[in-house]
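Quick setup: one chain, the form predicted alone, written in C-alpha cells, and binding and motion questions come after.
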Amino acid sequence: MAFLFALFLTGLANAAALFLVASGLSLIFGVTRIVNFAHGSFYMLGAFIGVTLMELLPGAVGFWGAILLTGLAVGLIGALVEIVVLRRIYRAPELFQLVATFGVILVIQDLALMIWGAEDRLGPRAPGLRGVWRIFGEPVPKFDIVLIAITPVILLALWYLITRTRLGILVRAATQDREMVGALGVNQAWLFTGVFALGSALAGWGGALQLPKGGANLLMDFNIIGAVFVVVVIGGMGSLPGAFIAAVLISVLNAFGVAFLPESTLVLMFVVMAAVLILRPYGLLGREETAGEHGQVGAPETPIRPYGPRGVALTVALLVLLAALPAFAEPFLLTLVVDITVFALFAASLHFILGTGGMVSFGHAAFFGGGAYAAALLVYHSETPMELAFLCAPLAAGVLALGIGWFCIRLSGVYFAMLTLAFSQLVWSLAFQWRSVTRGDDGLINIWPADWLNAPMPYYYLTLALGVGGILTLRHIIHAPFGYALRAGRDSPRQAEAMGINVGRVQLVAFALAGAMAGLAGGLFVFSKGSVFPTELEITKSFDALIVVFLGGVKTLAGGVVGASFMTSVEHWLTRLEYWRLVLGLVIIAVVILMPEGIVGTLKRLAGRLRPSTEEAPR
C-alpha cells in the first residue's frame, strides 16, 4: 500500500511540469485557435535557458530566480514569434498556422544546437531539497513534494487571472467569440500577442521546473508535445481545469504503468485519450468546435471544376517529360522522381479527405506504413510473390482505415485529428513492440521487387504509372457526384442530410479510400527502398504530409502534389548542409507568410490577375 501511495505521489509530481505546458497550450488555442506544435520548443528553450541561468546564479535565490527569469525570457521569445510569423496569417485557412509552427520548430532546433551543442545538460538539484522524506516508509524526493504543492497554486493563480481580472475577461470573451471582441474595440492583435506570450512563458516555466528531475536535451520538444496535446484534448480544448485533471490522470497512470506494465507506456496515454473521445467527443470539460466559427476559414472557395484546355495541355506535357526522363537522366534523378511520386500520392490521399472532406487527420501515416508493412510481412514471412504482396498493400490499408474511420467520423475538428493520432500510435506501437513478427526497430529488410522490376527504369515506370494513376483517380472522384456529396457534407452537414445525403457514410467511404491510396503509396515505397521500419508509422510522417498539403494549398486540387514535390526536392538539397533544419524552417516560414493560400493557391490568384477575367482559371 505504501509503495502504491509513493507511485501516486510520483505521478502528481510529474503532473506539475506537464500541466504548466498544457495550460499554456490550452490558453493559446482557446484565444487564437492556433494548433501550436512549436509549444514543445518553448518547453525545450525553458530547460536550456533555465540550466544556463542556474549555472550563473548561485544558491536557492538564484535557483528559483532563474526559473522566474526563464519564463519571462521564453515569454518574450514567444511574443516575438507571434508578431513576426503568426500575426500575418491569422486570416489564412484553419490549421494553416500549423505549417508556420512546424517551421518555427525547425528553426529553434538548429538554433539550440548552435548555442548549447548536441550534448545533454544535467539540471542542478534544488538547493535545500536534495534529500528524501519517508512517507509510510517509502522514500519520496523532497522536490517532488514541493512540485505537488506548487501545482494547485499555479492552477489557482491561473483561475484568478482568467476569472477575476480584465485580461481574463477579454481572454474568455475571445475564446467564445473573438470577432465580437474586435467589434467592441479591443485590440485583438495585442490580446493575441499577450496570450501567446503567457502561454509560451508557462511552457518555459515547465521546462525550467523539471530540470532537477530530467535535465535538458534537444529531443525534449518532440518528447513532450504528444503528451501535452493528449492532456489538452482529454481535458477539453481551451479548458484549464480540464487540462489540470487530464495532466494528473495521465501522469499518475503513466507512473503506475512504468511500475507494473512497462510495455504499455508507449501508448497508454493514447489509449486513454481514445477512450475519452469515444465516450465524450469533446473531452472532459470541452465544448463542440464549429468549423469556421472563429473567422479563420480564409477567402470563400471558388467552385471546383476540371482543368480547362490549358491545364490539360500542361499536365500532358509534364507526363510526357516524366515518361521520357529515363532516356537522358542519371539514376539519382530517377530515384528522386520516384520518391517525389510516392510522397505526392501519399499527400494527395490526405488532401482528398482534408481539402474536399474537411477531415484533418494527424494519423494518416498509419495507412502509409500499414500498407508498407502488409506487403513486407507477406514477402518476409511467407515469400509471397511481389505482385501479390503489392496488391495487399492498398487492400490492408483500406480495411484498416475503414475500422479506424468508423470511430473517428463521429468527431470533428481537432478532436477528430487527435483520435486519428491515437489510433496511429496504436498501430506504431504494434509494429515497434511485436518483434517476433515485425522485428521491431530492426525493421523488415530485403523486400525487393520481382526480377522483371528489379532495375531503376522498370520500377520508375511502375511508380510513375501507379502514382500518377492514383492521383488522377482521386481527382476524378472529386469531380464525380461522390466528391460533391463529400464537399456538401463538409460545408453544411445538416443541409446535406436534409437533401438525402448520408454524410457519415460518405465520409467513412472517403476515409477508407484515402487510406487505400496511402497504402498504395506505402507499397510503392517499401519495394523501392527494400525495407520498412516503424519510423514510417510515426507522428512525424503524418505531419510531413500535412505540411506539404498546406504548403501546396489546401483549397486547390493540386496542392498536395505540388507541396510534396516542393518539399521533397528542397529536403534532398538542404540535408547536405550542417544546419539544414534552420534553412528549411526559414523557407517554410517564408512560403507561409508570402503565400498564405499555399503555392498553388497564390499562383492561381496571380494568374487570375494577369489575364482577362473571362478566361478560365486553372484548379
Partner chain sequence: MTLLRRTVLATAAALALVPAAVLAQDAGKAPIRIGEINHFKRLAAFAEPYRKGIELAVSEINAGGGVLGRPLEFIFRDDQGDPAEAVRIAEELMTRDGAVMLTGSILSNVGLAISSFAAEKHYVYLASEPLADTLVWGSGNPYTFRLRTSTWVQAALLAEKAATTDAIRYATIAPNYAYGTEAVEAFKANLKRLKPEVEFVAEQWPPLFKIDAGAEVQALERAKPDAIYNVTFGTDLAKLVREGGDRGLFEGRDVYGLLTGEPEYFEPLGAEAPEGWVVTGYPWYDFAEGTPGGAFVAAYEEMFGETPKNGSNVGYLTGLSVAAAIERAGSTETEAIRAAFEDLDIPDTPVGPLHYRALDNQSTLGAFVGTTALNDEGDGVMVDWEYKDPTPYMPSDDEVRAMRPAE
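Keep in mind the model is a prediction, meaning the values are calculated, not measured. Numbering follows the first chain given and starts at 1.
What comes next is about the form predicted in complex with its partner chain, which does not appear here.
Q: Classify Asn217 as contacting or not contacting its partner chain in the predicted complex by the rule of any non-hydrogen atom within 4.5 angstroms, answering yes or no.
A: Result yes; Asn217 sits at the interface with its partner chain in the predicted complex.
Q: Tell me, yes or no, whether Arg125 is in contact with its partner chain in the predicted complex, where a contact means a heavy atom of each within 4.5 Å.
A: Although its partner chain is absent here, Arg125 would touch it in the predicted complex, with heavy atoms inside 4.5 Å.
Q. Hey, in the predicted complex, is Glu330 touching its partner chain, heavy atoms inside 4.5 Å?
A. Taking the distances in the predicted complex, the answer for Glu330 is yes, it comes within 4.5 Å of its partner chain.
**Q.** 4.5 angstroms heavy atom contact with its partner chain in the predicted complex for Glu536
**A.** Taking the distances in the predicted complex, the answer for Glu536 is yes, it comes within 4.5 Å of its partner chain.
Q) Can you pick the one in Val316, Val153, Ala118, Leu279 that has a heavy atom within 4.5 Å of its partner chain in the predicted complex? A) When its partner chain is considered in the predicted complex, the option within 4.5 Å is Ala118.
Q: Identify, from the list Leu336, Ala189, Ile135, Leu402, the residue with a heavy atom within 4.5 Å of its partner chain in the predicted complex.
A: When its partner chain is considered in the predicted complex, the option within 4.5 Å is Leu336.
Q) For the chain shown here without its partner, which stretch in 445-453, 516-524, 234-242, 74-82 has non-hydrogen atoms within 4.5 angstroms of its partner chain in the predicted complex? A) That would be stretch 445-453.
**Q.** Residues in 1-33 with any heavy atom within 4.5 Å of its partner chain in the predicted complex
**A.** Going through 1-33 in order - heavy atoms within 4.5 Å of its partner chain in the predicted complex - the hits are Phe3, Ala6, Leu7, Thr10, Asn14.
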